[in-house]
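Okay, so here's just one chain, in structure tokens, the form predicted alone.
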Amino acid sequence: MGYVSKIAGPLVVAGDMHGSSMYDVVRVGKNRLIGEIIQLKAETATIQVYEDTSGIKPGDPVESTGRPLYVELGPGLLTSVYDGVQRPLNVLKAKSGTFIERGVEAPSIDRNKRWNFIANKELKNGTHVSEGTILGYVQEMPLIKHYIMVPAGMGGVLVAIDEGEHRVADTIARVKTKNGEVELTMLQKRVVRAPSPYKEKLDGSEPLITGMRLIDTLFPLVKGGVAAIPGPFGSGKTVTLHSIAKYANSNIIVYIGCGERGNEMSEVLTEFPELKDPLNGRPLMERTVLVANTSNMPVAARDASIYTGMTIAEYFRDMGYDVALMADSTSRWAEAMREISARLEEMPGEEGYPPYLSKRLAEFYERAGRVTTLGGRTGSVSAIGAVSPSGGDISEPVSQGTLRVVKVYWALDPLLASASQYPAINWLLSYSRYKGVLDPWYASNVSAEFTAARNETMRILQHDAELKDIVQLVGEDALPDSEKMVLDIGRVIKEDFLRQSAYDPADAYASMKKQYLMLDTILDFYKKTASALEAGARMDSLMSMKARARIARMKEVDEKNIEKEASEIKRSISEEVDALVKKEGTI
């Protein structure tokens, strides 16, 4: 038992901390506020406290728990809303009201609820089990089986397994190890700052489909990949992440609200429970875990929230699931690091951030990936981090540290946002290094012509940008008709393909089949009108074709009718072009 000797905001210095270790969790003061040791000098410990330290005074007791910060993992995680140190906010609200009292405690996983544990039929008494072996499962949600695994670092001979109704802390199996018999429960505890172990890291081979055409077609992300979405205030970072969380083809969603404004996080908390998963029609929350640590909550807990969310994601990954993790935003996490570093009187780096900022960013993103788990399954964690650089200047340290690690960069543009282009991602600045990796998947699952169509689209958009610069100098009328055609097709791609409406049920999500059919139809229109222009058809006649208006309405066509509509539009293009060439053509 130690005592408080100094207080500086969320940092508390405690003396007489005999036997304590770095990152041990402690309880501070009479209210037993939760904290974590982040610096040790002899028997003096510097502690970051995850709650408001008002009222703490020198001499108050400090008690070490003797173990690092950890999260509890087991049935009951899904649909939960936690704070940065995995306290269940709904339970805390019931105990202390809307404004959570300091020191209030509640188990992260409900200890009283009973779950029907179904044992693995392949396991018999006397079977050897190792770390990651599935003992059985709980049908936590109608479409999600929560697999109960042998914890990492443990293995031996199965002595008994008990199927039936159990609470998470009840013994469901006994394993004889070299150190004696061990009782296993449905509850695991994992240290948040250490990556969960796995057998092997694998290359990504399948896209994380978001339903957003600009992302999926032009700048895709693989399952197990990492992406950054930097942008200034109001450019659409949070809205884009919300959309990805709603529609991504992942089994599990972990959404971390790290230091964001309370009204944005409240929108997530109120909207997500009402949303239906477009892939299966079930409530979206049935496959979602939310970690909420808003800007008005303690800064130290913001630092922990990123690790809490990643550890939960790794747990579901180890079951063999594909997990999509959204962190909004890593800039607020870095600001928390900067504040704590300043209170520790560490030597500051660029713009006051600690010198280890880039290292921490890399460690976080490198915990994502597609892996072979300890139990031999394949699972993945895809990490998408929003970055909020001041004034949109991505030369600042957090943006640069992030871009050195990630392989996908979605560049949000405030000018596009003000022009109501959603998503407001600049197609000339963004990039994805996964395109080549995913080309075989697109060829097998979408179309053999998909890659060629995407490359032609990017060529048109780049040519369109070059012509825009010329138009600003000499005007569009000075361009030849062939260049005017490029400008017009660029406009069609941007307005009728890249732009989406989050409020239109048919347009908010587009399957890969619909995305390709839309793009293929636009490129077919361009190819045939360009040929007709060379044959003597007039530019104004070609641009006023009825098929062009139908292309603009393709985004409103539902999935089951899109193939028929695309075929009819192509036929209409051919008929109208042939008629115009016959009427106006000179050759």
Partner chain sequence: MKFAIEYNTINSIQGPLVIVENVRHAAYNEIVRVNMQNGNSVLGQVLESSAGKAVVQVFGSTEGLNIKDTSVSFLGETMRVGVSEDMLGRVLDGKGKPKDGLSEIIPEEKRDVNGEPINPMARAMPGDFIQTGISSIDGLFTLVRGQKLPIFSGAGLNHNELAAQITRQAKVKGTEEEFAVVFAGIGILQEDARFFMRDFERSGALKRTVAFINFASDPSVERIMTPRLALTTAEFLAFEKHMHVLVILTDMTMYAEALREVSSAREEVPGRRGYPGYMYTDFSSIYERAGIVEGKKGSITQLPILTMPADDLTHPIPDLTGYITEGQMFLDRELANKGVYPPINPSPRGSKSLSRLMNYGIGAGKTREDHRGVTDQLIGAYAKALEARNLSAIVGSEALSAADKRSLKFGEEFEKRFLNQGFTENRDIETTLNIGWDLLSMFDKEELTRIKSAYIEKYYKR
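Keep in mind it's a predicted model, so treat the numbers as computed, not measured. Numbering follows the first chain given and starts at 1.
A second form of this protein, the form predicted together with its partner chain, is not displayed here; the remarks below concern that form.
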{"item": "Interface stretch in the predicted bound form with its partner chain - options 411-419, 375-383, 153-161, 107-115, non-hydrogen atom within 4.5 Å", "value": "411-419"}
{"item": "Triplet T288, K494 and E559 all within 4.5 Å of its partner chain in the predicted bound form via a heavy atom", "value": "no"}
{"item": "Residue (of T46, S64, T521, T53) lying close to its partner chain in the predicted bound form, criterion heavy atoms within 4.5 Å", "value": "T53"}
{"item": "In the predicted bound form, the residue from H166, R360, H146, R338 that sits within 4.5 Å of its partner chain by heavy atoms", "value": "R338"}
{"item": "Interface membership of T270, its partner chain in the predicted bound form, 4.5 Å heavy atom rule", "value": "yes"}
{"item": "Partner contact for L403 in the predicted bound form: its partner chain, 4.5 angstroms, heavy atom", "value": "no"}
{"item": "Partner proximity in the predicted bound form: N125 to its partner chain, non-hydrogen atom cutoff 4.5 Å", "value": "no"}
{"item": "is_contact(P232, its partner chain) in the predicted bound form, heavy atom dist at most 4.5 Å", "value": "yes"}
{"item": "Heavy atom within 4.5 Å of its partner chain in the predicted bound form - qualifying residues of 1-31", "value": "S5, K6, I7, A8, G9"}
